[in-house]
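Starting off, we have a lone chain in the form predicted on its own, written out as structure tokens.
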């Protein structure tokens, strides 16, 4: 594990045994998350982005389970002499005390829909304070003051009053701000943001991205930013990993992904972004077909049945392995073998 990496995921495989058959949600994921960097995870729905994030925190919905792989975290938690050491999160039991400390104390998460992430029966303040009281040695009054300061920091006006209100009394954008504040209240080393701007209008999206940039600068946290919107990734990410059907098909810097794509899937995603310079009556570029059913995974390259550069007898037979193009830019495509 590189000394600059906070988390390193090695050959992670996650499956869901169902009555209809076994779904291979993640099929050998390799991913590094450096300290203080924003890593974008991009792909269509059903490609395994959220399951990758949930695997880190061991909150995969049942009957999902980790079959293989390592999730290495560099942390001081669990150390006898307060030195950094490496913990394999994949080997911890989901209800272990150490993993409970890591959740929210070391790694926190902003979920897709903040309305369902908060309890409707408790005030916003009680829920934010609970996260701090469980992980830090503070009094209830100190936790309340910290919660007020955090809500004020994420842009919620009149925080001392709104702390006593319930989630349904907040707009979608304000709930998302509160969710980010709750995630950062313990000053974690890493924030997982699972499509935090999907349900927001573009003005609020821009505000949320500016907020996350400011908080990253102030707290120095790493961010794993999951989205299907490449436009959002261009504004916030340092590095990007493109996922397709449970695999990472390309990864590199944001500049690599937008200006030097190697995998046809990445190129198709970039070409599908609407451009202001396009003619008014020009049809939007689309990717033909859809992500295959997990019960009918194609042989060979998982993208071959939608790929404009598919080579018969090659792409539908052979499984591609990642090829290194230098400077951390990798792509799993048979065009380069």
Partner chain sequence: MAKYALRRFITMVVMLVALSLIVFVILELPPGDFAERYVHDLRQSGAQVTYGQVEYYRHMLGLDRPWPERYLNWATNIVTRFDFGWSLTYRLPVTKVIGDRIWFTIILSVVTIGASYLIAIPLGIYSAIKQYSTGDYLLTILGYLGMATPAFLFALLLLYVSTMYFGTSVGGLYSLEFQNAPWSWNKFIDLMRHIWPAVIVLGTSGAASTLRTMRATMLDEKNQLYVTVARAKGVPENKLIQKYPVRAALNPIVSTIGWELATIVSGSPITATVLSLPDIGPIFLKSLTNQDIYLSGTILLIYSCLTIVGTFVSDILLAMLDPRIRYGGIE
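Residue numbers count along the first chain shown, from 1. Model, not experiment: these values are computed from the prediction.
Form predicted together with its partner chain: not shown, discussed below.
- Only one of 145-153, 118-126, 232-240, 258-266 places residue heavy atoms within 4.5 angstroms of its partner chain in the model of the complex, namely 118-126.
- Put simply, of 72, 134, 209, 77 only one has a heavy atom within 4.5 Å of its partner chain in the model of the complex, and it is 134.
- Site residues 225, 247 and 325 are none of them in contact with its partner chain in the model of the complex, judged by any heavy atom within 4.5 Å.
- Its partner chain in the model of the complex is not approached by residue 162, whose heavy atoms all lie more than 4.5 angstroms from it.
- The shortest heavy atom separation between residue 177 and its partner chain in the model of the complex exceeds 4.5 Å.
- A residue is said to contact a partner when one of its heavy atoms sits within 4.5 Å of a partner heavy atom; residue 182 meets this definition for its partner chain in the model of the complex.
- In the model of the complex, no heavy atom of residue 272 sits within 4.5 Å of its partner chain.
- In the model of the complex, 54, 57, 59 are the residues of 42-61 with at least one heavy atom within 4.5 Å of its partner chain, listed from first to last.
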